[in-house]
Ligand SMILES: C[S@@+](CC[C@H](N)C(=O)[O-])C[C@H]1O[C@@H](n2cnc3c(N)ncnc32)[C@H](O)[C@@H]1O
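Coming up is one lone chain in structure tokens, specifically the form predicted on its own.
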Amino acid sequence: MLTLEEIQDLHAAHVQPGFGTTTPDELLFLQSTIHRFKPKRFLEIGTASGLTTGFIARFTEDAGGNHVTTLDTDTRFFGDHSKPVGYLASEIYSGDAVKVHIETGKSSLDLSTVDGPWDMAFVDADHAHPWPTLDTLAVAAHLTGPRIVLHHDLQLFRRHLWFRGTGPRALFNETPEKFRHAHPANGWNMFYIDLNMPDETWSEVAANALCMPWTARPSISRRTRDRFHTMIQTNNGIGLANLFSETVRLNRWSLARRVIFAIRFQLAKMRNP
């Protein structure tokens, strides 16, 4: 296992301002969780630079695992468009005991087209509500073994108000205490949920979270809604699927509101670089 000092040195050698990635103490928590549950196959939703991916591969190898899959909807890294998504993964992890598969242009809805299942997952993609809940619903159907799902940025909603990153908090708040675990790393910024709970409990968690007002902007497209509805109906039943579609309708934005939000969002980014 890597010490905190070793993680700090490796992290500092690769991180750049604006990466928005995991911190060394968060990575230490990630490492301890992987060593506790010992997943053979690990799934990451939200690759970005691939810095965390590389660390996950190192931790997975140390814990006896052999496979890491990471998905990202983009093909270029948002922090540096000259770089491909995941470019740092091979710099952080250069071994061959763990096979690292980087899948770009794909979201959690595309997991059936990727080589699963997996034992553990880390969701660190779009943090606006309800995306972390929807990503977890999608991931749940492809998990075996420990069925642990880690989440990043539990405190994002407080630290960057303009980002509207309430998604992790909504999911955390609705999960019963016995099935969730937060860690002090980076001011209690990471947690995991244990999906080894009764199906009806998990459906209730997801339903309660989805019913909270959404912060995702713009609202979900019709095609994405239909894909999620089908996925949720297949895995969780028609009741939750219909509730999801109703929450989409209630949170739908008009074109005028989308334009106004886009302008306000860009102004907020200029004020909070």
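Predicted, not measured: the structure shown is a model, and the values here were computed from it. Numbering starts at 1 and follows the sequence shown.
The same protein also has a form predicted in complex with the named molecule, omitted here; what follows describes it.
Exactly one listed residue, out of Ser90, Gln155, Thr73, Asn173, brings a non-hydrogen atom to within 4.5 Å of the named molecule in the predicted complex: Thr73.
Note on the interface: of 179-187, 117-125, 199-207, 136-144, the segment with non-hydrogen atoms within 4.5 angstroms of the named molecule in the predicted complex is 117-125. Looking at Ala241, you'd find every heavy atom of it more than 4.5 angstroms from the named molecule in the predicted complex.
Put simply, Leu43 is far from the named molecule in the predicted complex: not one heavy atom of it is within 4.5 Å. Although the partner is absent here, Trp131 is a contact residue: one of its heavy atoms lies within 4.5 angstroms of the named molecule in the predicted complex. The named molecule in the predicted complex comes within 4.5 Å of a heavy atom belonging to Ala48. In the predicted complex, the residues of 12-45 lying within 4.5 Å of the named molecule by at least one heavy atom are, in order, Gly20, Thr21, Thr22, Glu44, Ile45.
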